[in-house]
Ligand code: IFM
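In the form predicted alone, a lone chain appears below as structure tokens.
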Amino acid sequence: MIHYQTEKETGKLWLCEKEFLPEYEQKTESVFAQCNGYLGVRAAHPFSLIEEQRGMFLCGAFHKAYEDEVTELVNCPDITWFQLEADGEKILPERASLTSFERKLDLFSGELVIRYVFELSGNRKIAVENRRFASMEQKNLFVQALKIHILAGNIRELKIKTGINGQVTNSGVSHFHKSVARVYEKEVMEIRSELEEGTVIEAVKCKLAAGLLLEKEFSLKRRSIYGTYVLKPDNGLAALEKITFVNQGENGITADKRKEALHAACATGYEVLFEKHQKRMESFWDTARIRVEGMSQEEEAAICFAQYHMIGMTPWHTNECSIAAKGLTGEGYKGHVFWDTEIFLFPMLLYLYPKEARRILEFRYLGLDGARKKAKDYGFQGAMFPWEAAKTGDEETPLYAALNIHTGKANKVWSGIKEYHVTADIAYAVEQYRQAANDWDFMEKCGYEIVFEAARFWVSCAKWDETRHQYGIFDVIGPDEYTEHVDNNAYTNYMAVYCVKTALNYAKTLKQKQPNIFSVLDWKLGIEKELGIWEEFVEKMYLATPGADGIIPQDDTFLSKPCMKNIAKYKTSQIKQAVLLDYSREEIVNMQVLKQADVVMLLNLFPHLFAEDIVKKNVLFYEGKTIHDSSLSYCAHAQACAAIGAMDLSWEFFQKCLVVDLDENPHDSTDGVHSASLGGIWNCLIFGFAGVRYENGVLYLNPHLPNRWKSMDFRIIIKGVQVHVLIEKKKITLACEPETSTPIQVEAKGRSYTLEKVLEIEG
């Protein structure tokens, strides 16, 4: 169930919080955050609360505070705080008499609106409204407005204090070793906060929007600067607009240019700036909106919520950053990038915004040297991509976790050492991009090299198994982190073979059709002499196949382990990882219990790998062993169950993945939204319910709509052609926008078709 209420009006869809609930504060700060891909600002109240975690995060602003700390996305100086006094009486939600409250986020525009009604001493009453958005039209701008209405009684003066607070930390860790604040022209406040590499510069200008300005003064505090504005209400109204310009380093933006931008923005004003921003958002929704006839308003809001945050976490401006596990909404996972990006978030970009998908892959290419270093450090060849990445290709996963409070010892973190599959996940994304985007320029500049180096890694980490007389990959961790140090993890082995086979196909095709390009790559990487080894790897690598019972072993020992007799208790628990309260990790590793099912993930990525009956049997079998302790599990199982037609199960999981961030648990999502789970919602809708798949030049359609849904209406882009897809119960309609000169091959309901302009498939 969604914790937040939903409201819909023409052109707007709101998530709403109608009560003042401090226990949900940090969760709502994440859920209602405003992000534009360059900056992200948590939706904290304008006024101070006891339990709050203000945050502003800039894409790529990473720092390692101390030698024994981890590189993390820096929590930058806060620009959302306001202090309000009415004739000397301080207005605070937890102290003043709050008689009415709402905080709501418009998912279509990204505007946050917070409204209060306070009763003050002397039978006076005021209404306060705070509005804000992160501009999609000018990535450096964050725009706010504070408006005060006098509802009852007489108030002579309103004192508003606001500015830039550089005293914020990352959970107590301070990153900026120097901060310099100043005021320009008695109007613009600025603070320059220095990291070892780079500087975060924030400049603020406040504009009187209603009332009379009686007094204005500025004050410096350590690492902070504030302006105090004394206003006299005019006809019961006073308002201040606050424009913030943020940039990292100068990047050609001088102090004069920042001031010029702020002066222009203030002259334009909140409403016009918002209109320009809104037009950009409308353009996004014109392309990305998924319309479903028959879904509830809550379902629509949850789907739009997922896409709203995906646009906010995508770095539209650069290839030097990628999408973090919490986007730009919180400190969770230190702002690091995981495999989730390529597997769960990349698909929506690939099929809606291929240019941005390319940038995500270019980020991995820029990190190749770090991946090569990691491979060498662990005794491998090629490139071993980091389990956790920040701004470079270096591995950012700490070697040890926090101290155990009982033993005083730190546990080894094996993910960065043993979760090899991230290297194949990236190669998989490159091949998906090559097929769907047909971007040969990218392949020549980046793609081939990524996949060739990944293939070299896989070949170098395989070992010969004398028992099977095949190669194997030993002592690894698959996506399921409850089964550590296993041999021949099915997901890992299949992805490794796919990677090397893809590299071989690239090499052979280039040698035959583009020998000049192959020669350059061979000169740089020396791959031709290794092609024979790659072929042997593909031919002799062990790949798990279904046993007599039709089940694909997740690894060499999983099916021989004892079952967990009370697994239902943990499958239905409201507490994540409740199993760890009753069992040690060592016990869990030695039982048939999964955090998330690797074989199910494998079948999602390769839906045609096995016969339909084998796929169905394995999806259902492994679901029975899975307690869904990962936020990635519900969406993956919803997609897989839809693909096999197990619609009751699919619907159950889909409802759960919709509310991973929106549920009634006040303690979840406090450190940021679950980015990959949000991407998984799109994957479930398009790959699962709509049954869309593009493979080897063919667009496959195998819809399984939930019973209560009458139709799905959406767009995807295939090789530069936008295809409008309408799926109804007994009909599929495809339309190219505009008509394409390159026909698209389609396979649906067991028959083949050609799409040139409009295609209708009955039945």
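Fair warning: this is a prediction, and the values are worked out from it, not measured in the lab. Just count from 1 along the sequence shown to find any residue number.
Heads up, the form predicted in complex with the ligand isn't pictured, but that's what we're talking about next.
- Checking 336-344, 228-236, 160-168, 434-442 against the ligand in the predicted complex, the stretch whose residues place heavy atoms within 4.5 Å of it is 336-344.
- Of the heavy atoms in residue 599, none are within 4.5 Å of the ligand in the predicted complex.
- Within this chain, residue 308 is remote from the site of the ligand in the predicted complex, having no heavy atom within 4.5 Å.
- The ligand is not drawn, but in the predicted complex it has a heavy atom within 4.5 Å of residue 387.
- Among heavy atoms of residue 79, none comes within 4.5 Å of the ligand in the predicted complex.
- For the residues 460, 502, 630, 138, the 4.5 Å heavy atom test against the ligand in the predicted complex is passed only by 630.
- Taking a 4.5 Å heavy atom cutoff to the ligand in the predicted complex, the contact residue among 418, 192, 595, 617 is 595.
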